[in-house]
Structure formats: C-alpha cells, structure tokens
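Shown here is one chain on its own, the form predicted alone, set out as structure tokens.
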Amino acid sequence: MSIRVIKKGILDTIQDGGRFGYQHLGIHPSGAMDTVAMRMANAFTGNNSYEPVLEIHFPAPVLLFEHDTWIAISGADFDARCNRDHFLPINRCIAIKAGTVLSFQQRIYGARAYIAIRGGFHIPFWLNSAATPIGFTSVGTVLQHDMILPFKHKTVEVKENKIFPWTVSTPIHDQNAVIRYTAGYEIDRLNSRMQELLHLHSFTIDKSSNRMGYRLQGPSLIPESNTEILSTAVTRGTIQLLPNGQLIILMADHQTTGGYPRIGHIIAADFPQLAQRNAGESFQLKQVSLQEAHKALQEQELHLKQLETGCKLRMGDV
C-alpha cells in the first residue's frame, strides 16, 4: 500500500504538528507551516489531528497511487487533477483507485497544500515526530523522484474515483489583509512614531523568505539605541527587528534563540493565514491584547473540533 513519486515538486516534505520539547537542546519544532490546513486534511480522511501529511508547494509533485485509499487536500488550491482530466476540489474526502495519477496544474491561491491519506503514512519518527526540518539531511522525509511512500496499513477498497459530498469552509480568512500580533518584550525599542509606522504601513514578504523566516520589506524602523540584545528564546511567530530597520517573522524552522529585539509575536490563530502568503504579497500588522489572541484561538479550535466530529459521523454513513 503506497504512493510512488513520479515527479518531485519544488519542495515536498512530510510534516506533522512538530517536534516539541527539545528547544533547550537547540532543536527547533519544525512541522507544518499551516497547522489548520494539516488538521483539516486529516479530519476529512478520519485521521488523528496531527497525523503526518504531505506539505507541497508549486510547482507540485506528480503522484501515482499504487493502492486504493481515501485522500483529502487542504490549504492552497493548486488545481489538483485526477489522471490530468478530472478536477479535484480541496477540503473534501476523495476516494482514489489504484493506478490513479494525481497532478497539479496551476497555483490558484495560497502557498502550501497538504495531502492526507486515510490511516496515514508509514514514516520513521525522530524524537516523537515525523516532521522534516529543512537543512537536516538525516531527519524527516523530502520527496525524491521514484520514491515510495508506504501507507501504515490497507485503508479502504475503492471501486471508482469518487468525491464525497461533505465539505466545510476553512476558519482562515484568506482575503484578510491584516495579521494580528501581541506586543513583545522589546517593543519599547520603537518610539511612538515608529510604532505608529508599524501599524499604518503595509509589509511585503521578501523573495528570500523561507520556512525559517519571512523577511519583510516595509518602512525603516531603526531605533535610536543599539538593536542587539543578549541571545534569548524565540518561537514560531516571533517578530524580530533587524539592524537595518526591517522585520523578520520566524516561521516553522526557526532557530531556538536570537539576539535581535522581539517587538511582537504573531497570534497563533493568524499564523496559518500568514503561512499561506507567497513572496511579493503584502499585509498589515495589528496589535491586539492577549485576551483577544486567546479568544481567536479558542474560536478556531472549536471550528476544527466540530469539523473532526462531523467528518467521523459522515464516514459512519459510507
């Protein structure tokens, strides 16, 4: 029971919820950039929330299903096609018959798509996770030409390719041009005028951005005093102020410590939206309270729990 990689894409990896509990050893969590899309794909296939999935970018891979299974695609829409002709929608459970070729024709929106299969992939774990940190050649799974991705076990028998009718909208507002953040410990390094610039101007994701960090192009925010601080803990979503007055937002493969001022932290509920933005796209930053950040995350978590429960109920009718 497996998938064969006929053609690899630009950056295809196995990711899950991340590798937590080892940052004190210098090991970053890694994991899916868009954890909401990962969980939605798993929900539509009846998997556990953080079951390892394929994280793909465009140009995307071409995959041959050597055995029957159910799949779901969530996150970015790359115009998925079954045997080149039949369109496959995102956020749906899809029955795939052995011999089917899955390909992607064009990027419609989003930066990363996630593919889950019923029951999950049979992938080696390291430190309790199958996440693939970029730059660690011996950890995780980076797709290569002719690679075999085995399933954990036989999933289902499929008579014909079929798109199941149930779906749900994503809790992520892709068209929202505002990314929310909470104030960081060194926010006072910016005077009142610079903090006003931070909120009034748009920031554009630089082409040098990657899974480690999104470098932003925007107004210069050079403080009057030295920007360096003693190296201290950072995490996913930390907004750092660079010596040139520009900002960088740490992403899934971030370092564990840093010596630049932490002027803010992207709220957890908005991080998936940020992860679905491509280089050249712009957004504004909005500071919110911890209470508002907690409320947004609770609402998002409730939506996902309802989706997971609903999908399991629907699968009981198949």
Partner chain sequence: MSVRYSYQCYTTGDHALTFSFGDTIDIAVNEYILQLFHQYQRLRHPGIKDCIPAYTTITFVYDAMYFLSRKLDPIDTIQLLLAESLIPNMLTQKQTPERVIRIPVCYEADCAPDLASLAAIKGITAGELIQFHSSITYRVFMNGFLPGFAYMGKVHEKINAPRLSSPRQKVPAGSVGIAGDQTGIYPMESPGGWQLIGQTPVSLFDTNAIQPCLLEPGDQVQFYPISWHAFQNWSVQ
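These figures come from a predicted structure and were not determined experimentally. Numbering follows the first chain given and starts at 1.
Quick note: we don't show the form predicted in complex with its partner chain, though the next part is all about it.
At a distance threshold of 4.5 angstroms between non-hydrogen atoms, residue 164 is out of contact with its partner chain in the predicted complex.
Within this chain, residue 267 lines the site of its partner chain in the predicted complex, having a heavy atom no more than 4.5 Å away. Residue 246 falls outside the set of residues with a heavy atom inside 4.5 Å of its partner chain in the predicted complex.
Within this chain, residue 211 is remote from the site of its partner chain in the predicted complex, having no heavy atom within 4.5 Å.
Put simply, of 217, 231, 195, 128 only one has a heavy atom within 4.5 Å of its partner chain in the predicted complex, and it is 231.
Shown alone, this chain has one stretch from 197-205, 146-154, 88-96, 181-189 that lies within 4.5 Å of its partner chain in the predicted complex by heavy atoms: 181-189. Taking the partner from elsewhere, every residue among 22, 257 and 298 has a non-hydrogen atom within 4.5 angstroms of its partner chain in the predicted complex.
The partner is not shown here, but in the predicted complex the stretch 271-310 reaches within 4.5 angstroms of its partner chain through a heavy atom at 271, 290, 293, 294, 297, 298, 301.
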